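Starting off, we have a lone chain in the form predicted on its own, written out as structure tokens.
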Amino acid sequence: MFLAFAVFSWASVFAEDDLPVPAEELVFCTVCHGVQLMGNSIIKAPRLSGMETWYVERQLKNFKNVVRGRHAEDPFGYEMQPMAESLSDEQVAEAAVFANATRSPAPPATVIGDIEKGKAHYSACAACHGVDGTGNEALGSPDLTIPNDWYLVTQLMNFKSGARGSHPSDTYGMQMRASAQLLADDDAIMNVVAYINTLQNK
């Protein structure tokens, strides 16, 4: 019922002709990530809708090449890794284009934190991700306003613990792991993500 409601709701926001249809070999992406890759909090599959092609391709290659997704403390990465491993390089590129072309409403805010404290923490993030959070391809920094806030929390915790960004081939991940250490505790992570939520409305 929810799936039908979501499709019906989008009909009033996006013209049907504007919604891309995945190639047959990529339909399985929507099984976890949802229609138009809107995300699924129940199984912790993040929203990918509209995400940058270069970033999606980089992450899929990281999963495919076991640079990401094999850490014991990253169970959801473990689920994603074999999915990416099954894709050819051409399919990885095709999946990235599909993700970028999809459209869905911005996810609702679910993280509660001190926005003012989060804004102070975000000043360090802005150097790479921009003051508006929309990222910087030249620095390899993705748009933070696209994924779900709970996903950002999970990934910051993963970077901080070393569950992500520990592989020697993950240069960008290691940079993020170092940056995550600036967030002293879980409260700081919640605060900075609560502030990032405010950027979606600007």
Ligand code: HEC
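A residue's number is simply how far along the shown sequence it sits, counting from 1. In this text, all values refer to a predicted model and were calculated from it rather than measured experimentally.
A second form of this protein, the form predicted together with this ligand, is not displayed here; the remarks below concern that form.
**Q** Indicate whether the candidate residues T102, V111 and L199 are all in contact with this ligand in the predicted complex, with contact defined as any heavy atom within 4.5 Å.
**A** Checked in the predicted complex: no contact with this ligand for any of the three.
**Q** Check each of A93, A124, A106, V131 and return the one that places a heavy atom within 4.5 angstroms of this ligand in the predicted complex.
**A** Contact check passes for A124.
**Q** Is E73 close to this ligand in the predicted complex, meaning a heavy atom pair under 4.5 Å apart or at it?
**A** Although this ligand is absent here, E73 would stay clear of it in the predicted complex, with no heavy atoms inside 4.5 Å.
**Q** Counting only non-hydrogen atoms and a 4.5 angstroms cut-off, does G140 reach this ligand in the predicted complex?
**A** Yes, contact at 4.5 Å.
**Q** Is M38 close enough to this ligand in the predicted complex to count, meaning some heavy atom within 4.5 Å?
**A** No, M38 is distant from the partner.
**Q** Using a 4.5 angstroms cut-off on non-hydrogen atoms, would L183 count as touching this ligand in the predicted complex?
**A** Because a heavy atom of L183 falls inside 4.5 Å of this ligand in the predicted complex, the answer is yes.
**Q** Give, in sequence order, every residue of 77 to 98 that has a heavy atom within 4.5 Å of this ligand in the predicted complex, or say none if there are no such residues.
**A** Those in contact are G77, E79, M80, M83, L87, A95.
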